[in-house]
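One chain comes next, on its own, written out as structure tokens in the form predicted alone.
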């Protein structure tokens, strides 16, 4: 083989890459990670006693909704191709035990019934299963005193979580999503659902939920800031990676159908690691802090919001997430429909 031919051959891989990047159509055709509206889940806050919509300070563009407004929102999401929602309830009444969380006439239970009555199987309804929005102390579990200290009692908490999940399933939820990070709660919920005949109700566990600084806007939106201490005793240490594998393995053994990593953007290595180790659907939650950072930078003209969201969502999918929970879901779907994305 002549020297000139050998030199030309060595350039072929480079030339092929250039050809694949030449036009947007070809780039889209050969993209490894793709974000479509059907791969997104829209988180929604539904508030008891509210008439209409209420802006959320700290989350520009997001609102707390009444049930009537929730139905309008779901209709708009479906028109944009978004087929799944994650509901967070904000009750009128809170107490030490979070009893309104499993009230069969509670805000989430009524919201689920209305969504299913109006949209049936068109929309996948996922419900957050936790106590933080419903307790007067703002923690995700039952608080007891031990050795002169207030602690979260794991075992009594998982019994309550199972009651909450069952009340959501009875209302018609397709998937229940425990976000509390208590040990054994997936097993307790699965046992409760199966015993009551709700064997087809799936569980999407917050398997890997880090004690993150990025939850601040959510806690303001849901009125769920802890009244004392923090949540480091039950949420994961941001310094740990291998622990995530143990958490996922435990949840799978207890019966979860989908595992979640939260937050998403700062933990792409965790998503990738789980994808490499486990053959199970992975959801990643792009949390309120991620959303608000992009919004505030965009407001100050420091970033192109559409480009930033497009890049962020594709990075999460590229890392291995099958679906992304994001407050940008509706905007992204609209930008995609209108041809405003890269």
Ligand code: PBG
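Residue numbers count along the first chain shown, from 1. The model shown is predicted, which means the values in this text are computed figures rather than measured ones.
The form predicted together with the ligand is left out here; the points below concern that form.
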task: May I ask you to state whether residue 288 is within 4.5 Å of the ligand in the model of the complex, using heavy atom distances?
output: yes
- prompt: Does any heavy atom of residue 82 come within 4.5 Å of a heavy atom of the ligand in the model of the complex?
  reply: no
Exercise: residue 190 in contact with the ligand in the model of the complex, heavy atom 4.5 Å: no
- request: Give a yes or no for residue 109: in the model of the complex, does one of its heavy atoms lie within 4.5 Å of a heavy atom belonging to the ligand?
  value: no
statement: The listed residue (94, 116, 231, 163) that reaches within 4.5 Å of the ligand in the model of the complex by any heavy atom is 231
query: Using a 4.5 Å cut on heavy atoms, which of 71, 214, 236, 258 is close to the ligand in the model of the complex?
result: 214
- request: Identify whether the ligand in the model of the complex is within 4.5 Å of every residue in the set 101, 134 and 168, based on non-hydrogen atoms.
  value: no
query: Among 192-200, 241-249, 267-275, 122-130, which stretch sits within 4.5 Å of the ligand in the model of the complex, heavy atoms only?
result: 122-130
message: Could you pull out the residues of 208-229 that have any heavy atom within 4.5 Å of the ligand in the model of the complex?
response: 209, 214, 215, 218, 219
